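The chain that follows stands alone, in the form predicted on its own, written as C-alpha coordinates.
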Amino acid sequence: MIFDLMNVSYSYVGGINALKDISFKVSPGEQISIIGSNGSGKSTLLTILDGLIYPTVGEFYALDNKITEDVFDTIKDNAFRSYFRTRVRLVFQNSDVQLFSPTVFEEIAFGPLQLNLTPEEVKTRVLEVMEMIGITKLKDRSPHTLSGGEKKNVCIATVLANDPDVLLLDEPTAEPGPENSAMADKAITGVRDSGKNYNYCHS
(Lines give C-alpha, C1' and ligand atoms only; values in the text may rest on other atoms or scores of the structure.)
Protein backbone atom coordinates (compact mmCIF):
# COMPACT_ATOMS: atom_id res chain seq x y z
CA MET A 1 0.00 0.00 0.00
CA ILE A 2 1.33 3.45 -0.93
CA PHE A 3 -0.87 5.52 1.40
CA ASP A 4 -3.46 4.60 4.02
CA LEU A 5 -5.28 7.36 5.92
CA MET A 6 -7.65 6.40 8.72
CA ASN A 7 -9.97 9.06 10.16
CA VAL A 8 -7.37 11.79 9.68
CA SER A 9 -8.10 15.31 10.87
CA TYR A 10 -5.79 18.31 10.99
CA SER A 11 -6.08 21.63 12.81
CA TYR A 12 -3.73 24.59 12.48
CA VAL A 13 -2.60 26.69 15.43
CA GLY A 14 -5.58 28.58 16.79
CA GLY A 15 -7.97 25.71 16.25
CA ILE A 16 -8.48 26.29 12.53
CA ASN A 17 -9.80 23.00 11.16
CA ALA A 18 -8.37 22.14 7.73
CA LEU A 19 -9.31 18.45 7.48
CA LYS A 20 -11.89 16.34 9.30
CA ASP A 21 -12.19 12.56 9.38
CA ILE A 22 -10.49 11.73 6.06
CA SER A 23 -10.06 8.05 5.18
CA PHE A 24 -8.78 6.55 1.92
CA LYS A 25 -6.11 4.27 0.50
CA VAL A 26 -3.81 4.58 -2.52
CA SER A 27 -2.53 1.37 -4.11
CA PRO A 28 0.62 1.01 -6.26
CA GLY A 29 0.13 2.49 -9.73
CA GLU A 30 -3.07 4.29 -8.76
CA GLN A 31 -3.75 7.88 -9.85
CA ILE A 32 -6.16 10.06 -7.89
CA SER A 33 -7.46 13.62 -8.11
CA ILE A 34 -8.37 15.63 -5.02
CA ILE A 35 -11.20 18.00 -5.83
CA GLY A 36 -12.50 20.83 -3.67
CA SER A 37 -12.98 24.57 -3.45
CA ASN A 38 -10.30 26.99 -2.30
CA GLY A 39 -9.67 26.55 1.40
CA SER A 40 -11.11 23.04 1.53
CA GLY A 41 -7.83 21.48 2.70
CA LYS A 42 -6.39 20.05 -0.52
CA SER A 43 -2.90 21.49 0.05
CA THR A 44 -2.97 20.45 3.70
CA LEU A 45 -3.79 16.89 2.68
CA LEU A 46 -0.94 16.75 0.16
CA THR A 47 1.44 18.16 2.77
CA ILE A 48 0.46 15.32 5.11
CA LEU A 49 1.01 12.79 2.32
CA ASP A 50 4.50 14.27 1.85
CA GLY A 51 5.29 13.83 5.54
CA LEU A 52 5.80 17.54 6.18
CA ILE A 53 3.03 17.79 8.77
CA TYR A 54 1.26 15.10 10.78
CA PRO A 55 -2.41 14.39 11.52
CA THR A 56 -3.84 16.04 14.62
CA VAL A 57 -6.19 13.07 14.92
CA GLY A 58 -6.17 9.71 13.15
CA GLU A 59 -3.46 7.54 11.62
CA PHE A 60 -1.41 7.88 8.44
CA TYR A 61 0.63 5.07 6.89
CA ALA A 62 2.95 5.51 3.91
CA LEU A 63 4.84 2.72 2.17
CA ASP A 64 3.61 0.37 4.94
CA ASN A 65 5.06 2.49 7.75
CA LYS A 66 3.17 4.61 10.26
CA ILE A 67 4.10 8.28 9.86
CA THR A 68 4.32 10.31 13.06
CA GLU A 69 6.64 13.03 14.28
CA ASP A 70 8.22 10.73 16.85
CA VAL A 71 9.13 7.92 14.46
CA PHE A 72 9.70 9.94 11.31
CA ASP A 73 11.12 13.34 12.11
CA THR A 74 13.07 13.12 15.37
CA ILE A 75 15.21 10.00 14.95
CA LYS A 76 18.70 10.66 13.61
CA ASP A 77 19.93 8.56 10.68
CA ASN A 78 16.40 7.33 10.05
CA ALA A 79 16.72 4.93 7.09
CA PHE A 80 12.99 4.93 6.35
CA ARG A 81 12.84 8.72 6.35
CA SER A 82 15.63 8.83 3.74
CA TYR A 83 13.86 6.17 1.68
CA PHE A 84 10.53 8.04 1.92
CA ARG A 85 12.10 11.33 0.84
CA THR A 86 13.47 9.73 -2.35
CA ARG A 87 10.28 7.80 -3.18
CA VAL A 88 7.63 10.48 -2.48
CA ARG A 89 7.98 14.01 -3.89
CA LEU A 90 5.70 17.04 -3.80
CA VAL A 91 5.40 19.86 -6.33
CA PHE A 92 4.12 22.85 -4.35
CA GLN A 93 1.38 25.14 -5.61
CA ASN A 94 3.69 28.15 -5.30
CA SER A 95 6.62 27.42 -7.63
CA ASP A 96 8.83 30.15 -6.15
CA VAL A 97 9.25 28.26 -2.87
CA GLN A 98 11.07 25.46 -4.75
CA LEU A 99 13.35 27.52 -6.99
CA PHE A 100 16.72 28.82 -5.78
CA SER A 101 19.48 27.97 -8.32
CA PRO A 102 21.05 30.35 -10.87
CA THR A 103 19.95 28.33 -13.92
CA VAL A 104 17.27 25.81 -14.81
CA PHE A 105 19.92 23.15 -15.45
CA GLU A 106 21.45 23.65 -12.01
CA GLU A 107 17.99 23.66 -10.43
CA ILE A 108 17.13 20.26 -11.87
CA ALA A 109 20.62 18.87 -11.18
CA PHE A 110 20.56 19.79 -7.49
CA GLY A 111 18.62 16.71 -6.36
CA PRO A 112 20.57 14.12 -8.37
CA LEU A 113 23.83 15.64 -7.12
CA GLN A 114 22.81 14.56 -3.61
CA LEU A 115 22.41 10.93 -4.75
CA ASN A 116 26.11 10.13 -5.25
CA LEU A 117 25.75 9.98 -9.03
CA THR A 118 28.67 10.80 -11.29
CA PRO A 119 28.62 14.20 -13.04
CA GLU A 120 27.94 12.44 -16.34
CA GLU A 121 25.03 10.48 -14.84
CA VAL A 122 23.59 13.70 -13.42
CA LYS A 123 23.90 15.46 -16.77
CA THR A 124 22.23 12.57 -18.58
CA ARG A 125 19.36 12.45 -16.10
CA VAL A 126 18.80 16.21 -16.25
CA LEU A 127 18.77 16.31 -20.05
CA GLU A 128 16.36 13.35 -20.21
CA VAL A 129 13.94 14.99 -17.79
CA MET A 130 14.07 18.34 -19.60
CA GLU A 131 13.33 16.57 -22.86
CA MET A 132 10.44 14.68 -21.26
CA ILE A 133 8.89 17.89 -19.91
CA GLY A 134 9.69 19.94 -23.02
CA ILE A 135 11.86 22.59 -21.36
CA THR A 136 15.30 21.91 -22.90
CA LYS A 137 15.40 25.40 -24.40
CA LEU A 138 15.19 26.87 -20.86
CA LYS A 139 18.28 25.11 -19.46
CA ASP A 140 20.47 28.26 -19.29
CA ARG A 141 17.70 30.61 -18.12
CA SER A 142 17.35 31.87 -14.56
CA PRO A 143 14.26 30.22 -13.03
CA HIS A 144 13.03 33.53 -11.64
CA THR A 145 12.83 35.08 -15.12
CA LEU A 146 10.40 32.42 -16.34
CA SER A 147 6.64 32.62 -16.78
CA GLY A 148 4.37 30.95 -14.23
CA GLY A 149 3.83 27.93 -16.47
CA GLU A 150 7.55 27.58 -17.18
CA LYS A 151 8.36 27.74 -13.46
CA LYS A 152 5.79 25.03 -12.75
CA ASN A 153 7.34 22.79 -15.38
CA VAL A 154 10.82 23.33 -13.94
CA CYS A 155 9.49 22.35 -10.51
CA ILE A 156 8.00 19.18 -11.97
CA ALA A 157 11.36 18.44 -13.61
CA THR A 158 13.27 18.92 -10.34
CA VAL A 159 11.05 16.32 -8.71
CA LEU A 160 11.30 13.84 -11.58
CA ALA A 161 15.09 14.12 -11.68
CA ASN A 162 15.16 12.35 -8.32
CA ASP A 163 13.36 9.36 -9.87
CA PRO A 164 10.52 9.08 -7.31
CA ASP A 165 7.71 6.52 -7.34
CA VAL A 166 5.00 8.87 -6.06
CA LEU A 167 4.23 12.35 -7.43
CA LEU A 168 2.16 14.76 -5.37
CA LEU A 169 1.08 17.72 -7.49
CA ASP A 170 -0.58 20.68 -5.79
CA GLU A 171 -2.73 22.38 -8.44
CA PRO A 172 -0.21 21.84 -11.27
CA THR A 173 -2.36 23.64 -13.86
CA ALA A 174 -3.50 26.54 -11.67
CA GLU A 175 -1.18 29.23 -13.08
CA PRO A 176 -3.28 32.07 -14.57
CA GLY A 177 -3.76 32.08 -18.32
CA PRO A 178 -4.52 29.38 -20.88
CA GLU A 179 -0.90 29.24 -22.11
CA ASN A 180 0.42 28.40 -18.65
CA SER A 181 -2.23 25.74 -18.11
CA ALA A 182 -1.47 24.23 -21.51
CA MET A 183 2.25 24.09 -20.69
CA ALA A 184 1.59 22.23 -17.44
CA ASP A 185 -0.80 19.86 -19.19
CA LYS A 186 1.86 19.12 -21.80
CA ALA A 187 4.44 18.44 -19.10
CA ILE A 188 2.16 16.03 -17.25
CA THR A 189 1.33 14.27 -20.52
CA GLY A 190 5.05 13.87 -21.18
CA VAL A 191 5.49 12.27 -17.77
CA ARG A 192 2.62 9.86 -18.36
CA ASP A 193 4.06 8.90 -21.73
CA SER A 194 7.53 8.29 -20.28
CA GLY A 195 6.87 4.62 -19.58
CA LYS A 196 7.26 4.79 -15.78
CA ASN A 197 4.19 3.83 -13.78
CA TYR A 198 4.10 6.68 -11.27
CA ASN A 199 1.56 7.02 -8.49
CA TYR A 200 -0.15 10.41 -8.90
CA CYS A 201 -2.05 12.38 -6.31
CA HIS A 202 -2.99 15.85 -7.51
CA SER A 203 -5.40 18.60 -6.58
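Start at 1 and count along the sequence shown; that's the residue number. Predicted model only: the values in this text are computed from it and were never measured.
Absent from the display: the form predicted in complex with a small molecule. The rest refers to it.
Quiz item: Looking at the small molecule in the predicted bound form, do all three of 98, 145 and 147 come within 4.5 Å of it through at least one heavy atom?
Solution: Heavy-atom distance to the small molecule in the predicted bound form: none of the three under 4.5 Å.
Quiz item: Can you check whether residue 40 is within 4.5 Å of the small molecule in the predicted bound form, heavy atom basis?
Solution: Residue 40: contacts the small molecule in the predicted bound form.
Quiz item: Any chance residue 12 has a heavy atom within 4.5 Å of the small molecule in the predicted bound form?
Solution: Heavy-atom contact with the small molecule at 4.5 Å: present for residue 12.
Quiz prompt | Close approach of residue 18 to the small molecule in the predicted bound form, 4.5 Å, heavy atom | solution = Result yes; residue 18 sits at the interface with the small molecule in the predicted bound form.
Quiz prompt | Contact flag, residue 162 vs the small molecule in the predicted bound form, heavy atom cut 4.5 Å | solution = No - in the predicted bound form, heavy atoms of residue 162 and the small molecule never come within 4.5 Å of each other.
Quiz prompt | Residue stretch of 153 to 161, 32 to 40, 61 to 69, 135 to 143 approaching the small molecule in the predicted bound form, non-hydrogen atom distance within 4.5 Å | solution = In the other structure, the partner sits against 32 to 40.
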